[in-house]
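Given next, in structure tokens, is a single chain: the form predicted on its own.
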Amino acid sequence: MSFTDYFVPCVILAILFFGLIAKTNVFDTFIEGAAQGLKTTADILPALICLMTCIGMFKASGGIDLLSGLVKPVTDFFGFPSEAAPLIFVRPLSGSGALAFYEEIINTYGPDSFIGQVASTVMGSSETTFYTLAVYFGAVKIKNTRHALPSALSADLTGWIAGAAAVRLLL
């Protein structure tokens, strides 16, 4: 047995211990937190359903293929393989959608190919921006995202370009 086998039970015991010391009713506090979690889930569910529906429609309509073809000159200029371009469109929207494209890339080109390495780097160096904004801003009821979206998308763009450059230079 290793330390990791005992980690979760130790954390639970530590919470109970500190709850006893602070004279807090741990069970009632847990139930209250669970109720707040369900309320938060209900608050953000419409945004998530809309986001997932839009992604499914975008993929089914062939929009990904059209956009990938349109940005091919730009991706080629930056040394980003056009075969991995669907990731740059889906990754900001959906982690699971991007994972499906990533799996297809790995199965087609292999994990050790330049395309596979760039795809792996993109998956690790970018975020599901729209999903994250929808969840976190929806949870706290922020309607005006102001500079958050452009900042997050520019960070994603930097990650894509730097990822392709790093793979080309280091691997």
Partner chain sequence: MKFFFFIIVFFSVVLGIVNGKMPEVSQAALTECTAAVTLAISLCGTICFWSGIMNIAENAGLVAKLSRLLSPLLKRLFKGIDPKGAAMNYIMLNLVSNLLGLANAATPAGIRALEELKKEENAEDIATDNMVIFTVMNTASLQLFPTTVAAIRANHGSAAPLEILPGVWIVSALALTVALTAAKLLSKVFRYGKKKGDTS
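Basically, rigid core = biggest C-alpha set you can superpose within 1.5 Å across the two forms. Positions refer to the first chain, counted from 1. Computed from a predicted model, the values in this text were never measured in an experiment.
Omitted here: the form predicted together with its partner chain. The next part is about that form.
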> Taking heavy atoms and a 4.5 Å cut-off, does Ser68 contact its partner chain in the model of the complex?
Replying inline: no
> Do Ala84 and its partner chain share at least one heavy atom pair within 4.5 Å in the model of the complex?
Replying inline: no
> Just to confirm, Val90 within 4.5 Å of its partner chain in the model of the complex by heavy atoms?
Replying inline: yes
> Applying a 4.5 Å heavy atom distance criterion, does Val74 contact its partner chain in the model of the complex?
Replying inline: no
> So which bits of 48-63 sit within 4.5 Å of its partner chain in the model of the complex, heavy atoms only?
Replying inline: Leu48, Ile49, Cys50, Leu51, Met52, Thr53, Cys54, Ile55, Gly56, Met57, Phe58, Ala60, Ser61, Gly62, Gly63
> If you line up the core, does Tyr136 shift 2 angstroms or more at its C-alpha between the shown form and the other one?
Replying inline: no
> If we fit on the core, is the Cα of Pro111 displaced 2 Å or more between the shown form and the other one?
Replying inline: no
> Relative to the superposed rigid core, does the CA atom of Thr158 travel 2 Å or more between the shown form and the other one?
Replying inline: no
> Did Phe101 and Cys54 drift closer or farther in the model of the complex, going by a CA distance change of 3 angstroms or more?
Replying inline: closer
>> Assuming the CA distance changes by 3 angstroms or more, are Val135 and Ile64 closer together or farther apart in the model of the complex compared with the shown structure?
In response: farther
